[in-house]
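One chain is shown next in structure tokens, namely the form predicted alone.
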Amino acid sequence: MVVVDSEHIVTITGISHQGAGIARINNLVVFVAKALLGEVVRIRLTEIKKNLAKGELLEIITPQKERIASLCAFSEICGGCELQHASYSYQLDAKRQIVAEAFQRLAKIDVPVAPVIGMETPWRYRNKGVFHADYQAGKVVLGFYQQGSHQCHSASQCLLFSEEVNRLVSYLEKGLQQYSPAHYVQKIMIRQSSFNGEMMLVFVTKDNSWRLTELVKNIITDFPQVISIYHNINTNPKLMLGKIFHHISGREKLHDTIGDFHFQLSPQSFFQVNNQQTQRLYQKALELAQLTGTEQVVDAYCGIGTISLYLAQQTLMVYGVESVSQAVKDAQQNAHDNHIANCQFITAKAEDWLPKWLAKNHHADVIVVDPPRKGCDSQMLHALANSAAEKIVYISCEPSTLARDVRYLQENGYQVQCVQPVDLFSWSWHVETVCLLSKLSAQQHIEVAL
């Protein structure tokens, strides 16, 4: 009988967009976390909604040959890594399939998806983490929540961060226990430069007052590589960081690199968490754009100008558009520091700015978009479709919204030429994708529509 708490033996026949195994019981689609494609497993149904259900993995009857023992002691309970029970090659294949299925299901196109560009050593790659502070029986734990719960587990041994960051997390757990009032610190953000190992700390509190003077003195003495410390006030628990930052100690910015380019990072700067793979992602975007040195390029959602600087190497002019004014200031400084003169950065919402700019008889040969996870809104998609740009290079961290937006662009005069996933988030189900679309001629558009 198919009811909640009933047990079933099922075969995993698919992979969900979040990396879970998919099985079927009659017409019921069941998602099973930690189950791998091809495995026969015993599950307990924990939730049933119409034709969808969730199952808890109880026993692996026939394991997949790609199943491995996790190197992390907390992988079964921490919400950070969902795929440490699978080999790295399985993960890359699964992420390729996730992207391909998103295009088939949401874009209604069966487009070839290139093999995922992976890492040689997929460990200790993260340059930033936001660690939740949990106060447990007089002790402080800095780490990540167990998936679907409020149970926090220490990240002091996390294999995605450097050993030095692990050591600092452990040090801060003890320091908060000694010097911080209970529940004063809500989170701590740590950035580490892959270029020189220097670190930035941001203490996040609800309280406007600063209460960690003694702890900061000790940090500066014991961790000289911590060269920047901030206090952030955040009264909204749904946000990682608030809008108010107070500089407490050291330099105001952290210095890091992607390839040959140098960047100065503010605490609120958006910067991809994996430097090595970001370089490969941007290099692929540059390759797909096929720039000759004569083009005008628009980089929408440009952030601190990371992609813009890459594009500027091979084009006439890049217009970077970003709604966050501090990010635009950082982008301008980064262009100056890297001796890039053919970039202009504009503070505006890309979806507002692009139609107005085009209406003034400006023309973009190539438009690069790297929107947030929710993808492009309807106004931006309309502007892209009416831009007459020869190429659109779409960089996405969410396959489902990428596929949705590509479908609109295909219905409005563009055609997918290449879909290339890149693994920036090893051991999780997240995947970055760069997609090239080219403008169809009027006749080609008619033929495709027919």
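Since the structure is predicted, the reported quantities are computational estimates derived from the model, not experimental observations. Start at 1 and count along the sequence shown; that's the residue number.
Below, we refer to the form predicted in complex with ligand SAH, which is not included among the displayed structures.
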query	finding
Contact residue in the predicted bound form, from F245, F195, F270, F223 (heavy atom within 4.5 Å of ligand SAH)	F270
Contact assignment for ligand SAH in the predicted bound form, among L83, I229, V140, A350, heavy atom within 4.5 Å	A350
Contact label in the predicted bound form: P372 to ligand SAH, heavy atom within 4.5 Å	yes
Partner proximity in the predicted bound form: V298 to ligand SAH, non-hydrogen atom cutoff 4.5 Å	no
4.5 Å heavy atom contact, Q279 and ligand SAH in the predicted bound form	no
Contact label in the predicted bound form: T306 to ligand SAH, heavy atom within 4.5 Å	yes
Answer range among 153 to 161, 331 to 339, 315 to 323, 207 to 215 for contact with ligand SAH, defined in the predicted bound form as heavy atoms within 4.5 Å	315 to 323
